[in-house]
Ligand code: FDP
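Presented below, as structure tokens, is a lone chain in the form predicted alone.
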Amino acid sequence: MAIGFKSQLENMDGIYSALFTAAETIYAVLQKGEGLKFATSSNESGDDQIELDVIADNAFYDTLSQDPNVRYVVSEERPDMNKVSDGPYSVALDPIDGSKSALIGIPCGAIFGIWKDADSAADFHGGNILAGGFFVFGMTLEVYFADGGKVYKGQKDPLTGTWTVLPIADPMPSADIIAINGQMQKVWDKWLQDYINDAVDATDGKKPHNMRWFASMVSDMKRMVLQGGLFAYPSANFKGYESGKLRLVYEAIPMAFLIHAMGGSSTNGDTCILDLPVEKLHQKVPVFIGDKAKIEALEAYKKKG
């Protein structure tokens, strides 16, 4: 496999190679139409798994555990930290994001973050992350990630089997697009209802924000990287949604790290996601990620109440 990418960080190339190799394995399974049935198991957070969740988790673990620079591999699908060596780096994964959406043909993907010197859950906070991003298993196999402070987009050529990885030099674009699950609006906090209602208000000739929702974070975040906007997965006054549904370590921090590297911002409503303490690996958190102006406006609505 030829990636055509060299990390600016020491001893990271083998980790990227492991990630890309596992992504290729998972994508090949999807191309065959396999793994898209419910399994007889659930993950650590109690979510029902499909077979692809397990296949993807094993694929990433198998490749990453062979690299001597990887200390721990932690995953949304695994209950505990798994030490594989005394290396300096640890990798956190959502091996398949949007797996339920994949059942009906919406592109799913995988989210990854790489931390240095992480030996406990608390060490996986946003101040320690060095790289993060996501793969998209769609019409083509793609990757979007930040390596240190530099952002890249990659795509695999299905004919040659090689990757083209190029820097994204431009800052995050801006667009009046909000990715949010409107089904839950009546159980959102009032400040969020007000923010969304004002954003889609079309009175006085004002053009309303577009509402888009794939129910696949990687697909929604791909659109944000390319077009701009706001991704929102808030808490709600409903059983099981009190802290939202997304995990701080496996989803929120890697995605926030990428968008911050592009000049965007993030919050849980009060605090930047990269500044939040990690109390446990499977901790859930309300997530708002997007361009700075939208994050600032959203936080202002919450302060106002």
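Only a predicted model underlies this, so the values are computations on that prediction, with no experimental measurement involved. Just count from 1 along the sequence shown to find any residue number.
Omitted here: the form predicted together with the named molecule. The next part is about that form.
- Taking a 4.5 Å heavy atom cutoff to the named molecule in the predicted complex, the contact residue among G126, G98, G229, G132 is G98.
- Proximity to the named molecule in the predicted complex, defined as a heavy atom within 4.5 Å, holds among L166, A122, A215, M211 only for A215.
- Not displayed here, the named molecule is approached by E251 to within 4.5 Å at the level of heavy atoms in the predicted complex.
- The closest heavy atom approach of L246 to the named molecule in the predicted complex falls within 4.5 Å.
- For N197, no non-hydrogen atom is located within 4.5 Å of the named molecule in the predicted complex, even though that partner is not displayed.
- In the predicted complex, at least one heavy atom of N181 sits within 4.5 Å of a heavy atom of the named molecule.
- Considering the named molecule in the predicted complex, the lone stretch of 188-196, 156-164, 137-145, 230-238 in range is 230-238 [heavy atom distance within 4.5 Å].
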